[in-house]
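Quick setup: one chain, the form predicted alone, written in structure tokens, and binding and motion questions come after.
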Amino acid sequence: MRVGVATVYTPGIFGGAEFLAAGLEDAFRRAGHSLHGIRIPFHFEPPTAAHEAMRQAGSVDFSRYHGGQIDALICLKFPAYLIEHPHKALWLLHQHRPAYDLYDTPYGWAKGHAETDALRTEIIEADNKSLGSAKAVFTIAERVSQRLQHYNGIASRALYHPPANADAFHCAEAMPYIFAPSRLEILKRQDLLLRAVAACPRPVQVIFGGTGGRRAFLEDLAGELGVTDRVRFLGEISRPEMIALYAHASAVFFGPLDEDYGYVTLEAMLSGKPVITCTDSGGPLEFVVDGETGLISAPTPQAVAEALVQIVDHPAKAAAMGQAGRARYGDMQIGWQPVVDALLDGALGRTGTSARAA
């Protein structure tokens, strides 16, 4: 079949969403399909840039593309899912969060501004129409399905998928450090981990891997907290370097605010390492079993510090939780082929109502 995968791109950004799109496209090719990648330009600032991206997505006919008929269109992100096609299925990463769960919070659009309030109304109306008319709606995680049901009244089904290079992750001898790989951005809450390190009654070493707009802030905060000798900011690291850091870690910290899915959790499980996450971290909670495959703490420095100390003081227990996490990943049978099959069946109307089962 000729399959289109539609998402967005922002120049200079290549993260989890881009890894997902590339992985999905490769999976369709391995399954023998002809793949066409469709990318809608998207910028987060100014907020009104979303309106132009919506206009572009809604005004172009993608039913024929690159000289032939697209048999099934799979849409991933706002506003790419506004593209019209008679055989469209969504595999939703997330909606435009500043207009939804981050609205009227420090992380999204402020309530009471006429321009963004009007844009928010426009986005919700467009989402209700486009998502409601799709042949099938899937999401990448139960957390995303919960938001979609809450804000739009649209049921969906979560489809889990593996991280990139899943077969390369492995467990090696644990060294005395906590690994914290992620973009250095406000929703990833590296500042929470720094404050937890400062609250620990004895030194705990942390290695941060990744780049982002908050690096200078975080480095300054480490200095203010007096923990510069306990933390390292590696910046951008290669995939093999990252896999090696996972392999030798004592544990992995991933405590974002209401994450959609979170490759870090799965990568840690594949590496046989326990995951420290938080009660409000969203997607990771679908995988981490408290006290069995990791530790789930309140999102406070003291609570996270207690979890860090548990890992440091009980290395044998930490190792056992890591191995339990690896076994849990295997039991969940996470793979690309079930995702490809479900998406194509949904787009072609072969799944009935199962694609919208909450």
Partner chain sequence: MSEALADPQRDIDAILASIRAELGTIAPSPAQADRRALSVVRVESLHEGDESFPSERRQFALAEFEGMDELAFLHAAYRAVLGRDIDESGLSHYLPVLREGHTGPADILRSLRASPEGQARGVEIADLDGRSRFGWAKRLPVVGGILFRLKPYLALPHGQRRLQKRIASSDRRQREVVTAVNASLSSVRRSLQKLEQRVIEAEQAADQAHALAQEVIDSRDNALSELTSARRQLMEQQRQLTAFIDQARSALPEAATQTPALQAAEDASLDSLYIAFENRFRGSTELISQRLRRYLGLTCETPPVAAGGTVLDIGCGRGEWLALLRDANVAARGIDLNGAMAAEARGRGLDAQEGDAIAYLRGLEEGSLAAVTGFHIVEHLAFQDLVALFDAAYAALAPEGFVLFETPNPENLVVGACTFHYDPTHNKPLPPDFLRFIAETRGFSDVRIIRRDEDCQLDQPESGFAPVELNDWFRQPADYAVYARKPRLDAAS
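Predicted model only: the values in this text are computed from it and were never measured. Numbering follows the first chain given and starts at 1.
A second form of this protein, the form predicted together with the partner chain, is not displayed here; the remarks below concern that form.
Undergrad: Among the candidate stretches 216 to 224, 108 to 116, 140 to 148, 256 to 264, which one is within 4.5 Å of the partner chain in the model of the complex when only heavy atoms are counted?
TA: Looking at the partner contacts, the answer comes out as 216 to 224.
Undergrad: Is S238 one of the residues lying within 4.5 Å of the partner chain in the model of the complex, judged by heavy atom distances?
TA: S238: contacts the partner chain in the model of the complex.
Undergrad: At the 4.5 Å heavy atom threshold, is Y160 in contact with the partner chain in the model of the complex?
TA: Result no; Y160 lies far from the partner chain in the model of the complex.
Undergrad: Is it the case that F233, even though its partner is missing from this view, gets within 4.5 Å of the partner chain in the model of the complex, heavy atoms only?
TA: Yes, F233 sits close enough to the partner chain in the model of the complex that at least one of its heavy atoms falls within 4.5 Å.
Undergrad: At 4.5 Å between heavy atoms, is Q205 in contact with the partner chain in the model of the complex?
TA: Heavy-atom contact with the partner chain at 4.5 Å: present for Q205.
Undergrad: Check each of I154, L245, I123, L82 and return the one that places a heavy atom within 4.5 angstroms of the partner chain in the model of the complex.
TA: None of the other options qualify; the answer is L245.
Undergrad: Within 4.5 Å of the partner chain in the model of the complex, heavy atoms considered, which of L187, A174, A198, A164?
TA: Checking each option against the partner chain in the model of the complex, the one that comes within 4.5 Å is A174.
Undergrad: May I ask whether D229, V312 and P315 all come within 4.5 angstroms of the partner chain in the model of the complex, judged by heavy atoms?
TA: Every residue of the candidate spot has a heavy atom within 4.5 Å of the partner chain in the model of the complex.
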